[in-house]
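First, one chain by itself in structure tokens, the form predicted alone.
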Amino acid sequence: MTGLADIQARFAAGVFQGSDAPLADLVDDGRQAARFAVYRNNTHASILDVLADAFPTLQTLLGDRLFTRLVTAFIRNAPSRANHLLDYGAELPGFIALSEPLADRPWLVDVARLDWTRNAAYAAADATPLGPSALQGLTPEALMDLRLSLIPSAVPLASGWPVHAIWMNAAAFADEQIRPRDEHVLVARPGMQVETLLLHPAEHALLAALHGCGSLGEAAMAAQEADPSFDLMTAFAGHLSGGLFTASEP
């Protein structure tokens, strides 16, 4: 490791892991320790604010004190490697899954996933959506062979917990009130606002198959397997009109 790289590594360890190693690299004027502590505290406070904005439902469920403890541990164990601080936090759901103190609240992992997916949707790339007219004139065979992509901000999620209900009113949920219940959610930003929609299981199967680059025919089969009585065409037409789809990359 080069001299500069070594200094940078020690500085990062000092900021994110609480090490005093960087003090040896600073000019000793009697105040470097206090100055470095201020810098470290300000850095942690800034990251805490960013993560609080990215995970509002999680913060509500945990409360400010426990959320701060969780985020502090996360910063120390998984410091940001993103070019932009607003991209930091994608690993927090996985970190929660490995947290022994939170093992008795398994729903927090999926709640954090939903929070992060909504946060990521704000910064997702824009795309020109397909309208109903784009599919006019296609034969039934061509329509079933068609491969559509969801717009970049759109992500279908599945959970064994009522994550949509919790997201809607997290302050009303106490731990003892949360019971396992399958819920399927779509997060998307077809316009300026991020939408979070509760999905029928077959509707989720349809969108998840398209999100996985399947053909419309394959997605339709997945939806029918989930629920043979599901009104596929109505659901598909609604999402098409809502600007959820774009042309798949060749």
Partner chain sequence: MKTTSLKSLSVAAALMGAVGMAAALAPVEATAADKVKCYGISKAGQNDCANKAGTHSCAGQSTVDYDGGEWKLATADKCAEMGGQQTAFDGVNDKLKG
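Keep in mind that this is a model prediction, so the values were computed, not measured. Numbering follows the first chain given and starts at 1.
Same protein, other form: the form predicted in complex with the partner chain, not shown, and the subject of what follows.
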*State yes or no: in the predicted bound form, is some non-hydrogen atom of Ala226 no more than 4.5 angstroms from a non-hydrogen atom of the partner chain?*
no
*Can any non-hydrogen atom of Glu100 be found within 4.5 angstroms of the partner chain in the predicted bound form?*
yes
*Wondering, does Pro180 line up within 4.5 Å of the partner chain in the predicted bound form on heavy atoms?*
no
*Give a yes/no on whether Thr68 approaches the partner chain to within 4.5 Å in the predicted bound form, heavy atoms considered.*
yes
_Sequence-ordered list of residues in 126-142 near the partner chain in the predicted bound form, where near means a heavy atom within 4.5 Å_ = Pro129, Gly131, Pro132, Leu135, Gln136, Leu138, Thr139, Pro140
